[in-house]
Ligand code: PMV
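Just one chain follows, in the form predicted alone, and it is written as structure tokens.
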């Protein structure tokens, strides 16, 4: 064990003993607005920060001679945490090593509103929040490049590979249009509309869905390649609709996007049922979001009352939980001022 773990608290920090520090880190989830699966084949996708769902990490001195963690899925010695938390072990190690920080025993507490395995960037968001909390604990700053480099290393542990989308969006307040062969371009999303996000209650099957599309492409190359080209064109049109502040055109393109994802076989009956409920409730558009075969559904509404009505319809159709996101910068500012 690192000998620094055995040092008393006062030997590694200059802060008074009666004011033990608490490091705080916050990150939010992400939503793929358009372009799922086509992005794998070098077509563009649009991803947006979803601040309605956040994760908070607190870092404090440990009460024991070893680092501990308290999260919804494990509580105890960090070094003995199950393998699915190896990404957090990597994030902590890289943060301490790269910043040349002392390594006393810490206590890490994770409070997350982001459901796991729903395509919302949960693992990346937790890593981002942990890195920020550790840096805050030691009174250190970390720039976006360094933060994202460490998070991507942790994401490789979690997913074997990473596109970098989750890291970019969970660590930023700006939306991005992303393409594998090009540098991501960030932009402000500002629409007089609401996004409804509905959790189907089913674990997303991203790897299975990606493999399914790859196998389908081997047997029906023209069909799959054509679908990817079409989805890519929808994404580019959606980006223009956002720039023109046209939620009706964006909603239409979202619906078309879902149709093609359905044809590729990455939707399922439960997701389609929730999407149909949103359409019947008057949504401007609705589609699955993320890898599919489970996970979440999104719908576009013209205002808050409309969004609440759509959310109720999606819940009646089987969604376990729904969230609303105001896409108007002006209205967000008013809400923040009111709060």
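Residue numbers count along the first chain shown, from 1. These figures come from a predicted structure and were not determined experimentally.
Missing here is the form predicted together with the named molecule; even so, the following discussion is about that form.
* Sort through 57, 314, 32, 299 and report the residue having a heavy atom within 4.5 Å of the named molecule in the model of the complex. => Only one listed residue qualifies here, and that residue is 32.
* Contact residue in the model of the complex, chosen from 271, 47, 39, 277 - any heavy atom within 4.5 Å of the named molecule -> Partner contact (heavy atom, 4.5 Å) among the options: 39.
* Asked: Using a 4.5 Å heavy atom cut-off, which stretch among 145 to 153, 192 to 200, 83 to 91, 163 to 171 contacts the named molecule in the model of the complex?
  -> Only one stretch qualifies here: 163 to 171.
* Asked: Do residue 247 and the named molecule share at least one heavy atom pair within 4.5 Å in the model of the complex?
  -> Looking in the model of the complex, residue contacts with the named molecule do not include residue 247, since no heavy atom lies within 4.5 Å.
* If you check in the model of the complex, is residue 119 within 4.5 Å of the named molecule, heavy atoms only? -> Answer yes; at least one heavy atom of residue 119 falls within 4.5 Å of the named molecule in the model of the complex.
* Verify the contact flag for residue 285: yes if a non-hydrogen atom of it lies within 4.5 Å of a non-hydrogen atom of the named molecule in the model of the complex, no if not. => Contact with the named molecule, no.
* residue 210 near the named molecule in the model of the complex, any heavy atom under 4.5 Å? -> Yes, residue 210 sits close enough to the named molecule in the model of the complex that at least one of its heavy atoms falls within 4.5 Å.
* Asked: Along 262 to 301, which positions have a non-hydrogen atom within 4.5 Å of the named molecule in the model of the complex?
  -> Heavy-atom contacts to the named molecule in the model of the complex: 290, 291.
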